[in-house]
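Below, in structure tokens: the form predicted on its own, a single chain.
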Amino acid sequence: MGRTSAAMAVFLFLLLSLFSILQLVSSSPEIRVLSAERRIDVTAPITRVFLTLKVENAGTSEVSEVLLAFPPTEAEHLAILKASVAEGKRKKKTYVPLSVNPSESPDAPNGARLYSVSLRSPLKSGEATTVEAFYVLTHLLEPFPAEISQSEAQLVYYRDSATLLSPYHIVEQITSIKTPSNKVESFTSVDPTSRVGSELRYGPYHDHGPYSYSPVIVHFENNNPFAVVEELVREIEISHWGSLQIRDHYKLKHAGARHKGVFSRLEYQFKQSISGVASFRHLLTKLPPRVHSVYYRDEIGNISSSHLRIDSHKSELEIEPRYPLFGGWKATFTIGYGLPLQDFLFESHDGRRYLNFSFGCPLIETMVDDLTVKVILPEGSRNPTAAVPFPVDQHLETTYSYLDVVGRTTVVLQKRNVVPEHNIPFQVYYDFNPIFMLAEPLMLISAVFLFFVACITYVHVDLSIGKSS
């Protein structure tokens, strides 16, 4: 009986061991990365990363997706992620966009988040392809020291890994970090590491396993304007009488190192090369062509310190706040303008009208924490739908304006963590009966008619209480 129990225990142990080995083999990734090149650009407050992966199917079955991994700190600040695959050679090479979606993976270590890149065609066993990825990160640069005086330059920390975080085995990889200038205070060295001018180069590294991570810190000077729009409310009002009115309400903040000490206007004015190098006194706004009736104001009134340049292809508005912005300082203002309706409102093949306009913030190199776009449709519009090329929160509300009776249907689009790469067209479709265009003129005509009737009645009616002689 004892020998039988021992034999049974050994058999169960071998069975469990075999099951664990089979599970490990079946769960091992079928893809390996032959080469990985990551180019990180931190010359601006917004971090941009270009990633090139040459992947090979090392398994026996076909593979239809490639996973990209991000540490939790980067995933929280990920603004946009795009992927593409190159087709053709040299001058005939074209990049075909690929679908990217979040992927659930409870087995990812240390809270890493995965995104799935769907390949155009399944990758057969032994085949290889090159995937290009581009993503933008916000609020990754940390000012250090956190407070600086008016005459000090701004230094920031950038934290990342010398090796690419990936769920696959990487045969060879290189990471390069480009800073605004060669003024680098310090950086973590992970051999081999080299520095040429304003670029740091980590690697090449060979044969790193899945989820390898080598933390690095780069401390460098970055005096570019850390302009962050904490809240932007954009109102786009459509009038079928030939006008498109735009109103942008900004809450702007300098998100760099906070200013300490006393601000000297005299020193700032006469020592511009060394005083307030981390501040900014003007911003550039890109507006559509053929813009008219431009205004720039705040709560006090109109701000005259602006310059508008218009040509046939674009319009540029350079604005200056009432005071230069240092770290931690804020400003609120409104920019409004008009546009010809025929440049942005069209009719679809099924008879529906649609607005084609640019999403995002028109300020150059500016990130937006919270963006709200309100498309105010003409009164009488029905069945509005919005087509936006990326996920947004949307709902409907009613806006009342002059001479409105039932109010105007308003399509509200909301998105957080918006960057310049989001400045791409979106569409709002709706049904509209042209008879509603007569509502406001008829109301005005009726009001004038009733006014004259009241005047005539008042003149001809005798309201006295005495007897007529």
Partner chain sequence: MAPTPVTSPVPIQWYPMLSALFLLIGLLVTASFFIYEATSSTRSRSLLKEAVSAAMASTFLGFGSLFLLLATGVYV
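Whichever C-alpha set is largest while still superposing within 1.5 Å between the two forms counts as the rigid core. Positions refer to the first chain, counted from 1. It should be emphasised that the depicted structure is a prediction, and the values quoted were computed from it without experimental measurement.
Beyond what is shown, the protein has a form predicted together with its partner chain; the following relates to that form.
Contacting member of Ser189, Ser212, Gln245, Ser118, with respect to its partner chain in the model of the complex [4.5 Å, heavy atom]: Only one listed residue qualifies here, and that residue is Gln245.
Option touching its partner chain, based on a heavy atom within 4.5 Å in the model of the complex, out of Tyr354, Tyr157, Phe390, Phe134: If I apply the 4.5 Å criterion carefully, the residue I get is Tyr354.
Listed range touching its partner chain, judged in the model of the complex by heavy atoms within 4.5 Å, from 97 to 105, 171 to 179, 123 to 131, 338 to 346: Of the options given, it is 338 to 346.
Its partner chain contact at Arg408 in the model of the complex, heavy atom, 4.5 Å: Although its partner chain is absent here, Arg408 would touch it in the model of the complex, with heavy atoms inside 4.5 Å.
Residue contact check: His240 to its partner chain in the model of the complex, 4.5 Å heavy atom: Heavy-atom contact with its partner chain at 4.5 Å: present for His240.
4.5 angstroms heavy atom contact with its partner chain in the model of the complex for Leu444: Leu444 belongs to the contact set for its partner chain.
Residues in 169 to 203 with any heavy atom within 4.5 Å of its partner chain in the model of the complex: The stretch does not touch the partner at all.
Ala447: Cα shift of 2 Å or greater between this form and the one not shown (core-aligned): Moves: no, less than 2 Å.
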